[in-house]
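Presented as structure tokens, the chain that follows is alone, the form predicted on its own.
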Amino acid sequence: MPSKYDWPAAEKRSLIGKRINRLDGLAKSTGRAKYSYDTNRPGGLTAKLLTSPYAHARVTKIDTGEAERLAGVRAIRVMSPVGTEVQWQGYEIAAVAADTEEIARDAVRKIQVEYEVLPHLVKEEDLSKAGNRTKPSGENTQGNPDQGFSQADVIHEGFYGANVITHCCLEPHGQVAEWDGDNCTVYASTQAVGSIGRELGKVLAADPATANVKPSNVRVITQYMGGGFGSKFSPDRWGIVCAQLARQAGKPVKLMLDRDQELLMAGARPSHFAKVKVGAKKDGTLVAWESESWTTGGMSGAGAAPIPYVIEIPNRKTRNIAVSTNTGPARAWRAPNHPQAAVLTMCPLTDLAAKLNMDPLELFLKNVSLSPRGDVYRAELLKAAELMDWKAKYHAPGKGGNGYLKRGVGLSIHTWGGRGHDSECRLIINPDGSVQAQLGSQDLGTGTRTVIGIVAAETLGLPLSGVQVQIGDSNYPPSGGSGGSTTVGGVSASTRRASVKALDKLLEAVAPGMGTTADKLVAVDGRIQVQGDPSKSLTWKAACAKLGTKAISETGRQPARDEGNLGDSGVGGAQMAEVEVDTETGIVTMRKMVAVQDCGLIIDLKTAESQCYGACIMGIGSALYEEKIYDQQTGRMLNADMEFYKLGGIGDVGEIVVHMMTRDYDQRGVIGLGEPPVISPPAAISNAVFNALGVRIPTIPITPDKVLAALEKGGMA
């Protein structure tokens, strides 16, 4: 028997699943939305960081005297005292708070630091040059790989990889910290309104200067934030020092990273390289896989990509090696390790198809039964092929045209979890008819406000304008951080449950006056009416007026037992890319990208599609342009700016077609969407370039120099 908390049936939905504009769209497009970078508190100071110019060094001397004597300097904190071993360029040494940004920068330059420079490693593509920087980080064997390869009719071996890229948030990391006694308010650019305050409070409590501070003393406010992509969960060392400087100076302090610092130390997606061996029968049946992979996430290394990806090839053996490098820390980047896994799996499978003289679409369709959701992938691949016109556009590798411009198509599939995180929503119905939905959540730009508003309005039978969504403040009920594509599943479930409970209370209050019982009443089109009899009804405001002076306040939680099956985990997607390659210049131009994706019940189709468009654009950037480029001799990043760290622009992405799988998929409830569609673009684009040229560019990004080098090596004119 269905629960009253379950999502309404499709024929009873007035808002859910429709294309609805973002609630904050006007505020953002007009500039009224204020981000952390826009926050300037009365009497506030500006803070700047002194960072290490070396990739690996030991601090031997630090003198802040001259900086302290500079007029306008209000506080200085040494973050890396003498003896500290610095592990990457950009490592924080000291912080200065001053009356103006110019004074803070002058003071940073006046801090005198001496270093003992130590050996470094900043490039890891060639594992033979990593020396003692390597260590095993995982090995797994399933079935009998040797026997599997002995049964294979065709075996392919190759090298593949994805280089390090940064998150490149357009609003850099940072915050404003302001004290009132032992209470600290932090205006942070964060993905985790509910947790960074607790983390910051614990650190401050351990500092003698702020020993009276408890985690509950720290309030975090994030009304708007400009991108995170997995990098903005922690208060970070600069967030901690910002609060400490504010306490020391007795004034609010604003510390936002400069662009070069943002790219150097605020997070990166790890590299991943692999030597792959894969075997199949003549008919394309996959029988064996073997790979040795290596990856880096700075000094700590990084986790292994889940290869072979999606398709669970029988008889497989994998071995991964972690490489420590002096390149700054890795952070979760929108589907951690999955984009790399797609490159390391989908590219060798496409090359294997070429050896078999098979269309790779046929190879994938034949083997998707080896995945956990084979029927879903089959349907998605066939839909993508239809939208791409794959049958007409696919050709044998290297047969992409007679002139210097070659066209090709490629494909990839992907998966993700996306189960909703823990969330708590407080839904308030006031006697004047106004409604507030309150959650300590955040909106990264994905439409969280809008989703919450849609769910509450749908449940209460109101227009979207009838619900005021209040998020971005840790004083509201706690809700999880926005990571792992868990936010929409979490907040929609808690909002649904809170809204149902609050509506039940309202119906109980008005039922006697309407001569019926609460179970006979429904909320629809801004009215409370007897089910099946619109003539017996009250307007929403008239119904709420029956509450007298006391508002209804109800709380819904995710997860919750016996309160509806509102979400699930596990989605699939298929993507296809069409490219044009100039064999004279090596430039790859995107012609078309098709993204077919399932994600369970879609709350707002417009923002769901927008998620896929944005993911495709990000994926195109990582496939063709983005890379942290380091100089091995000096250990320095050569493109820590927006001039040479290139992001894809509107002229670089081509046509993007998005198709959301709905109907039968709705029955699973809400599943997260933020990460899945960003996984496949690099692999699909790499495969399209291979199809165009007939030679493989083994690593992404696929830059012109790599294309020309591969063409020269491959002997193609």
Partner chain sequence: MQAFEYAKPATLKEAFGLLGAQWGEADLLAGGTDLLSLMKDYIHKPKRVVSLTGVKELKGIKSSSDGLHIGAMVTLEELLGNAQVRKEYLSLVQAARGVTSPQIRAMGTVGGDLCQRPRCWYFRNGFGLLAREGDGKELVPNGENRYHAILGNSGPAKFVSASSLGPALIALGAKLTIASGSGNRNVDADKFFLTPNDPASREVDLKPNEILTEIVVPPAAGTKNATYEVRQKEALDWPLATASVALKTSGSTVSSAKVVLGHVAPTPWNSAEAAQALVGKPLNESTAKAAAEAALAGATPLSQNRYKIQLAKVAVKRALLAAAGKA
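Residue numbers count along the first chain shown, from 1. Since the model is a prediction, treat every value here as computed from it, not as a measurement.
Below, we turn to the form predicted together with the partner chain, even though it does not appear here.
Shown alone, this chain has one stretch from 370-378, 641-649, 244-252, 526-534 that lies within 4.5 Å of the partner chain in the predicted bound form by heavy atoms: 641-649. No member of the trio D24, Y224 and R591 reaches the partner chain in the predicted bound form with any non-hydrogen atom inside 4.5 Å.
Comment: the partner chain is not present in this chain, but in the predicted bound form one of K317, R198, K123, R557 has a heavy atom within 4.5 Å of it, namely K123. T634 is the sole member of T516, N183, T634, N475 with a non-hydrogen atom within 4.5 Å of the partner chain in the predicted bound form. In the predicted bound form, W390 stays away from the partner chain, with no heavy atom inside 4.5 Å. At a distance threshold of 4.5 angstroms between non-hydrogen atoms, K281 is out of contact with the partner chain in the predicted bound form. Residue contact check for Y404: one or more of its heavy atoms lie within 4.5 Å of the partner chain in the predicted bound form. None of the heavy atoms of I16 is located within 4.5 Å of the partner chain in the predicted bound form. Residues L624, Y625, E627, I629, Y630, D631 are the members of 602-632 with a non-hydrogen atom no more than 4.5 angstroms from the partner chain in the predicted bound form.
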